[in-house]
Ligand SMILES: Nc1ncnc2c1ncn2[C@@H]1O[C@H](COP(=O)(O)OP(=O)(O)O)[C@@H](O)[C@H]1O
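Next up is one chain by itself, shown in structure tokens, the form predicted on its own.
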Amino acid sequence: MLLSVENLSTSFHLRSTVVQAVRGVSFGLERAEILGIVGESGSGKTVLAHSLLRLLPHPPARIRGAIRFGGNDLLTCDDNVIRSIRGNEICMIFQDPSTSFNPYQRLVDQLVEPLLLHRSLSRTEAVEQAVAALDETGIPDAARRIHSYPHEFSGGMLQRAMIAMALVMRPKVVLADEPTTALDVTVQAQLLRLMRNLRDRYAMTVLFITHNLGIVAGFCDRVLVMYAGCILESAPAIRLFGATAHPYTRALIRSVPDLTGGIEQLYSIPGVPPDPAASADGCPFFPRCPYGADECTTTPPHLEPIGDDHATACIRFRNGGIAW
């Protein structure tokens, strides 16, 4: 196991309330795996990714649990250790590159910074590696464009530069937080193909956050379905769609438009996600679930295996299945 997350919980302690963004999440990452995390907006996906690298301000954020990587617990190791890992062995690709780059610095200064910090290279050597990374991600005339400012790039090219910034370090793990959300479908496909090729070439592990089930089906090896800060289902991507084991996962799949024909009305999940500041004793999806029962209101979600590398937090499914 390359990275192991055990009972991770992240809360924000505000003046008058406590917001539970991540609730008791556990999972592992294997080498060269692409693990997708899917769920509606507000389900806790981004907070989870930021928690892994201790990127959240403390206070108000409080993170509990364990994140084991390379013999260290990333939540309890000292600042020097986490700085040596962050941006070096574990890198992050943020959702909006236009807000992630410093607009006042040329791209070259931002790309070479981690190389100068973690690799002890000369500036000339660092620039050469940064240009190679830009070229590898498909940016034309990389030796010239590296001296441009971020605003001189299109959205797709800037996202490629963000990927290059992460991959220039050849990290063991890449955390990709919805990196294709603001891009058109053609550019999305190009970037996904690029990331998969780089994964295959360098055996990097990718944690890919998205709300797009189409991307999950075609890009990820394994999937975690997240809702209200909890993992409700975990399965290989193929099995998730072929043998769905949680009503929320089924609802997400039903919400995807059918492009094969028909004029049926697009399915919409009834209700709204729960207030993250409210306490929940049972399944958080119960108020929106058409299969809910009394036992769902008192039994907190807990993943239990139901097959080969497949687990669900639905107590009704585990107690005899649900006829979809």
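Throughout, we count residues from 1 along the sequence that is shown. Keep in mind the model is a prediction, meaning the values are calculated, not measured.
If you look for the form predicted together with the ligand, you will not find it shown, but the lines that follow are about it.
**Q** Taking the ligand as it sits in the predicted bound form, is residue 41 near enough to touch it, meaning that at least one heavy atom pair lies within 4.5 angstroms?
**A** Yes, residue 41 lies within 4.5 Å of the ligand in the predicted bound form.
**Q** Residue-level question: is residue 25 within 4.5 Å of the ligand in the predicted bound form, judged on heavy atoms?
**A** Contact check for residue 25: no, nothing within 4.5 Å of the ligand in the predicted bound form.
**Q** In the predicted bound form, does residue 19 come within 4.5 Å of the ligand, counting heavy atoms only?
**A** Residue 19: yes, in contact with the ligand in the predicted bound form.
**Q** I'd like to know whether residue 45 contacts the ligand in the predicted bound form, with contact meaning heavy atoms within 4.5 angstroms.
**A** Close contact exists here: in the predicted bound form, residue 45 approaches the ligand to within 4.5 Å, heavy atoms only.
**Q** Which residues, if any, of 1-15 lie within 4.5 Å of the ligand in the predicted bound form when only heavy atoms count?
**A** Going through 1-15 in order - heavy atoms within 4.5 Å of the ligand in the predicted bound form - the hits are 12, 14.
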